[in-house]
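First, one chain by itself in C-alpha cells, the form predicted alone.
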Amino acid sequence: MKHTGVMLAVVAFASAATAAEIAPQDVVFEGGAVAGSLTGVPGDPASGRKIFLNRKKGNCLACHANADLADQPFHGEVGPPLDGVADRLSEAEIRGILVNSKMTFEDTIMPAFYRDEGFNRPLEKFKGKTILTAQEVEDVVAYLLTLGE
C-alpha cells in the first residue's frame, strides 16, 4: 500500500507539469521576445543539442553554421552563424525566435517551431501540430545559451 501513495504523488506531479505548459496560441510576445518558460521546467542543453542536429526536428544546421558541431556535415549559410549567440541575444529573445521567428524577423524563412495554426496549405498530418513541443523549445534554448564566445 505504500507504493499507491507514491504512485498517486507521481501522477499528480506529472499532471501538474503538463498543466504548466503554455499552449502555442497563449504565448505572449514582447517585442518578439518570450520572457517566460513555455513549460516551467528548465531546458536540457544535451537534449537541445540533439534536437538542433535532428534533420526531422530542429534541422538547425540546414541554415546555421555552428562551430560546436564542426564534425557534422552540411552547415547552412542562409541564417546567421550561431557561434556566440548567447552573447548577442537574451534567453527571452532566443525563445521568441524559436517559437515564431516572424515576430522578430518578418521576412525570414525560418519556421515557427511552436505554432500550430495560420499556415498556408499544411499537409493534413501536420494540421494543428507544432514542429517542436514546448519542452523541446526549452531544450534548444538551453543549448543555444551554451554557445557563448
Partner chain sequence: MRTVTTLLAASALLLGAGAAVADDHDRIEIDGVVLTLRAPAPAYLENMDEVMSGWLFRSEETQALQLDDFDNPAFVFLDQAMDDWSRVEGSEGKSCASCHEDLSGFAGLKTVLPRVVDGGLQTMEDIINAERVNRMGAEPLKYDSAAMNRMVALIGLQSRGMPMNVAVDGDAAPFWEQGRELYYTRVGQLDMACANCHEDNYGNMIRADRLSQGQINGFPVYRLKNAKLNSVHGRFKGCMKNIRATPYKPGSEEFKALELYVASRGNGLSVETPSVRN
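Positions refer to the first chain, counted from 1. Treat the numbers as computed from the prediction; the structure is a model and nothing was measured.
The same protein also has a form predicted together with its partner chain, omitted here; what follows describes it.
- Residue heavy atoms within 4.5 Å of its partner chain in the predicted bound form occur in exactly one stretch of 22-30, 35-43, 83-91, 119-127, and that stretch is 119-127.
- Remark: Arg115 counts among the residues lining its partner chain in the predicted bound form, judged by a heavy atom distance of 4.5 Å or less.
- Although the partner is absent here, Ala134 lies well away from its partner chain in the predicted bound form, with no heavy atom inside 4.5 Å.
- Contact between Ser47 and its partner chain in the predicted bound form is not found at the 4.5 Å heavy atom cutoff.
- Although the partner is absent here, Ile109 is a contact residue: one of its heavy atoms lies within 4.5 angstroms of its partner chain in the predicted bound form.
- Shown without its partner, the chain has Leu53, Arg55, Lys56, Asn59, Leu61, Ala62, Cys63 in segment 48-65 as residues with a non-hydrogen atom within 4.5 angstroms of its partner chain in the predicted bound form.
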